[in-house]
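To begin, one chain is listed below as structure tokens, in the form predicted alone.
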């Protein structure tokens, strides 16, 4: 699905003392199958932007087009487009309401009019995709789960609708480090398998680096940077100017560069950076060994 944002402005509580500009004349496009990170400080407009893409908000000015159709329009065509956009909110308890995990994940497919066999198949697939055993979790009440498990259930309920666009707002909130790594790997595999568009909202830059190829940076409701993820995520000065800490990999890369290691700024995420550090270390070790051999030969 092609997403086009045209001169989008959103004002909360317009005409009141609490009036606040959340977005200011934002324009951008997201191509089908792209993996895009929406980043920026708290209050920069990230969540407001993705709610517009999902058709949940009406713009004050401008519009969002889903395959050429205004996302917020009250038409059957617009509703059909909106159903292809899945949004997993930052706080999963805000969207969970059913009495069991199975019923929660099955709610969307049932509303599509699917038969029982297909609903069950989708529920099992979605739970397995997010790392939850359908047999162990299906009959449990979602409200007795941990925060991380609720996050996975909420995501499964979105995946069961087979969205062509998946929007994740702080996808790993409530997860421990192992659960975080597991979910990121599962989301990466899901996107590669389906070819769906993936939009990730997060203030964890290292997390975004694992999932996206392009980054859009917001500040005070405006786009201040938009480009390849490697180039922007590796720009420590950019993130510090926004009041955000660069990813640990970037901090390490900068420290090595200051020590004279010729490591390119775009040399990451961590696996690639680790390989480059090892290569540079082996090269330096080899050069030092050669110099030592030459020095010993001259001494003789």
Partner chain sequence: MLLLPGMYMAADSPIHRLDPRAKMGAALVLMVLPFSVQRPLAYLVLIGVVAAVAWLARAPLKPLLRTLRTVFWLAVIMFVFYFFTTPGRPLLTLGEITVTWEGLIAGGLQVYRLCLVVIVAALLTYTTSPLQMTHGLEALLCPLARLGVPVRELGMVMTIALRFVPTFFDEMETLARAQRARGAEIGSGPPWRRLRSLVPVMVPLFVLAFRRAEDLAVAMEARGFRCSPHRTRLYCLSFTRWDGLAVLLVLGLAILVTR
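These numbers come from a predicted model, not from an experiment. Residue numbers count along the first chain shown, from 1.
This next part talks about the form predicted in complex with its partner chain, which is not shown.
- For the options 183, 229, 87, 199, the one in contact with its partner chain in the model of the complex, meaning a heavy atom within 4.5 Å, is 87.
- Contact with its partner chain in the model of the complex, judged by any heavy atom within 4.5 Å, is made by just one of 94, 141, 146, 75: 94.
- Contact annotation: residue 79 falls within 4.5 Å of its partner chain in the model of the complex, judged by heavy atom distances.
- Put simply, residue 108 is close to its partner chain in the model of the complex: some heavy atom of it is within 4.5 Å.
- Taking the partner from the other structure, its partner chain in the model of the complex has no heavy atom within 4.5 Å of any heavy atom of residue 130.
- Within this chain, residue 57 lines the site of its partner chain in the model of the complex, having a heavy atom no more than 4.5 Å away.
- Per the 4.5 Å heavy atom criterion, its partner chain in the model of the complex is contacted by stretch 100 to 108, the sole one of 170 to 178, 100 to 108, 221 to 229, 116 to 124.
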